Structure formats: C-alpha cells, structure tokens
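Single chain ahead, written as structure tokens, the form predicted on its own.
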Amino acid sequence: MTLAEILDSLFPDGHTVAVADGIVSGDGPFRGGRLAVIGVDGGTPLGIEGACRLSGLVLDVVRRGGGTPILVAVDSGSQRMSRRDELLGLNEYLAHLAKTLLLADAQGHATIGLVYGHSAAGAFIATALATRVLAGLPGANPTVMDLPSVARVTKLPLDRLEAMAKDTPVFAPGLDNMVQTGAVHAVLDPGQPLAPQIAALMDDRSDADIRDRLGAERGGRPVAGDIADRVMREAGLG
C-alpha cells in the first residue's frame, strides 16, 4: 500500500496529513478523538533535519496532552550516510527521536509503528522499533542491517551468513523474519479497513514490552526472554 492508500483507509472522512521533504505529519479523526501521524515516506534517508522535525512533532503531541495516540508510518532508507550528518551528531538526533517516542508512551500516548515500505538501520530503530507496538503491511521490507553490512562488521563470509539466515531469523532481513523474532507484532490486512485493525492493536497493548516473549512463542528468539528476565532478577529489578 502507498501512504495515500493507508491514509484513505485510516481516515475515510478526511485528514490533514501531508508530506514535506519526505517527512510525514498531520492527524485525522479516530475513535472519537484524533490520531496523530508522523513518519518518513518515499524511501527518504533520515538525517538530522528529519529526525529533529519528527522529535518536535512528537513533543508537540505530548505537550498538548489528552492521550492522543501516535502512528509512526515508515517507508524510509537508512539514516542519511553523509559526513556532514555524522559530524553533526546524527546518532544523538536519532537517539533523541527514539526517546521522545518512549516519553510519549510513558505519558499515556499509545505509539503504534506501521512499516509499509523499506526501512533500515538507525532510521528503523529510531522510528518503527521505538514504538510500543509495531505492525507491518504485506510487501514491507524492514531490516536492522543487511547481510553484506553484517559481513563487513563481523568479518564473516557472506555465504555463511546467508546460510545462517535461512535457519536463524535474527540474522535475516525482511518482514517475515521480523514477525518471527517478535519485532513486528502483527501483519495487517490491506483488504480490510485499517482503522479497526490499528484500534485492536492499541487495545491489546501491554504495559510491558513483550517482543522477547513473542520471539520465544514464534520460535525466532528462543532464549532472549529468559536472558532478559535473569538480568532483571540479578539486578534486583524483577
């Protein structure tokens, strides 16, 4: 689905969502109130300006209060690979964006990610993965790091990583593998109205991050949940 099709399905009565320089912003009527929509469209790489703009949009919702939910729609490149952005501290801008979404969630604003195109690396982590619940649409292609990049970082042969990816979803890009690891909670049905599907995800929203549990249940991350629980217990927090 394109962003326009997503918005028409979410807001059949109209909306104010627009795209400028690849950055999505606006809102529309939802469950008797409003649903704020932010995000990245058109495969746009996320640089410092975009990350700063998105952070400001999230903080505007938090300042207004009222528990307005936030949908983060994502069809991006990776973070912008430029020397300028790196020298200006792109990692800090992306971290700030992720923290604003965590703040919104803590302040009672349901945060729902929706991956409908590509997304990768820091841009994926700071947007879609920073929401409480992440959904995908068929045809989406999210990845934290593609296998050639993993090969460069780990110094492992690409063919070995490709073989490992067939059996180990953690190594593999793509929507199906993200679902199996629990990173993506659900794949939505584009043939049905999206508004009730998004609403159902909000209603099922847990107060705890359940991604490790989902990964164990789906066989994609069989030990992550147990390890996290052990760390919390030994730290005296669980």
Partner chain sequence: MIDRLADPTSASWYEASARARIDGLLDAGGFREFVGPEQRRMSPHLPLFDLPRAFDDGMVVGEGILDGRPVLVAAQEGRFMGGAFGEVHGAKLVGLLRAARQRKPAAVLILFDTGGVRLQEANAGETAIAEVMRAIAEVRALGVPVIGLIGGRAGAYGGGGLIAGTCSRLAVSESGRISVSGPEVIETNRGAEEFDSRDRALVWRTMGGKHRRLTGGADAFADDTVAAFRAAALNLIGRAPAFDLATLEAEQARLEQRLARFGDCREATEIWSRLGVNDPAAVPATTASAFDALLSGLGETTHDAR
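Residue numbers count along the first chain shown, from 1. In this text, all values refer to a predicted model and were calculated from it rather than measured experimentally. Just so we're on the same page, rigid core means the largest C-alpha set that superposes within 1.5 Å between forms.
Below, we refer to the form predicted in complex with the partner chain, which is not included among the displayed structures.
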query	finding
Partner contact for E217 in the predicted bound form: the partner chain, 4.5 angstroms, heavy atom	no
Close approach of G26 to the partner chain in the predicted bound form, 4.5 Å, heavy atom	no
Exercise: E49 in contact with the partner chain in the predicted bound form, heavy atom 4.5 Å	yes
Partner contact for V231 in the predicted bound form: the partner chain, 4.5 angstroms, heavy atom	yes
Check all three, R84, H96 and A121, heavy atom within 4.5 Å of the partner chain in the predicted bound form	yes
Sole residue of A135, A140, A73, A126 within 4.5 Å of the partner chain in the predicted bound form, by heavy atom	A126
Stretch 214-229 - residues with a heavy atom within 4.5 Å of the partner chain in the predicted bound form	R221, P222, V223, A224, D226, I227, A228
After fitting the core, P148 CA displacement of 2 Å or more between the shown form and the other one	yes
